[in-house]
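A single chain comes next, written as structure tokens; it is the form predicted on its own.
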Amino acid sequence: MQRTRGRAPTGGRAGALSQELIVGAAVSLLDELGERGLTFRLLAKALNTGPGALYWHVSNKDELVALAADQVLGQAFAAHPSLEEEAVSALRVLAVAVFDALDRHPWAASHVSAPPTLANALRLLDRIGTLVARTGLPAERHFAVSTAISYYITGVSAQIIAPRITHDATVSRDDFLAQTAQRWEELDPADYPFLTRTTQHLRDHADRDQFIAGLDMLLDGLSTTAHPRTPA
């Protein structure tokens, strides 16, 4: 969303910049330094301009990070097949592409908004809805199912990916999972029968496989609902 204001700010080269250029540079800094390390001063230095010029295109850091996360989300569409592919298969590929894009940029996962408001988040929901409509599901179910899939993709990705940022600074993912598994092992099996017998799976699981397992259950349900089996 390009800003239009009365006059360009002093101390920068607003006319030589664009929001897209600024956001792209912010993505690089966020990948390198994380959200806490990103400042307008560092961003201005990377772009060889003054901080004032950045505010011509982006209001504040919160908006900048949201736009950067939306740009990351948009990268997933490049890996998505054409809409001519079978709808449920295309939904699966799209969902995994989004997870992988967020996994490459963990800081972005918790900033993908739901309900969507920014350009690529809107495109994601529209793409999901377009594919859901092609499954044969009744039209009155399209909104509920499309938003449920959208929320699963963005929400579960955030739940799986975002905690790494908190723990990576002090402890590795493997160590964190091992510590959590040890706590589960110390629980009373009478009160926590599932947790105490699944600690090894917690230690060894792959985040991407965990995401895909839930996704496949969701899409299998969509296929069954859209194409119910005829009794023999």
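Position 1 is the first residue in the sequence shown; the rest follow in order. These figures come from a predicted structure and were not determined experimentally. Superpose the two forms; the largest set of C-alphas matching within 1.5 Å is the rigid core.
One more form of this protein, predicted together with another copy of the chain, exists but is not displayed; see below.
Screening 174, 32, 191, 186 for any heavy atom within 4.5 Å of another copy of the chain in the model of the complex leaves a single hit, 191. Contact check for residue 41: every heavy atom lies farther than 4.5 Å from another copy of the chain in the model of the complex. Using a 4.5 Å cutoff between non-hydrogen atoms, residue 210 counts as a contact of another copy of the chain in the model of the complex. Within this chain, residue 28 is remote from the site of another copy of the chain in the model of the complex, having no heavy atom within 4.5 Å.
For residue 160, a non-hydrogen atom is located within 4.5 Å of another copy of the chain in the model of the complex, even though that partner is not displayed.
Not one of 19, 56 and 64 comes within 4.5 Å of another copy of the chain in the model of the complex, counting any heavy atom. Shown without its partner, the chain has 112, 113, 114, 115, 116, 117, 119, 122, 123, 125, 126, 129, 130 in segment 106 to 130 as residues with a non-hydrogen atom within 4.5 angstroms of another copy of the chain in the model of the complex. The Cα position of residue 202 differs by less than 2 Å between the shown form and the other one after fitting on the rigid core.
Here residue 32 does not count as shifted, since its C-alpha moves by less than 2 Å between the shown form and the other one after the core is aligned.
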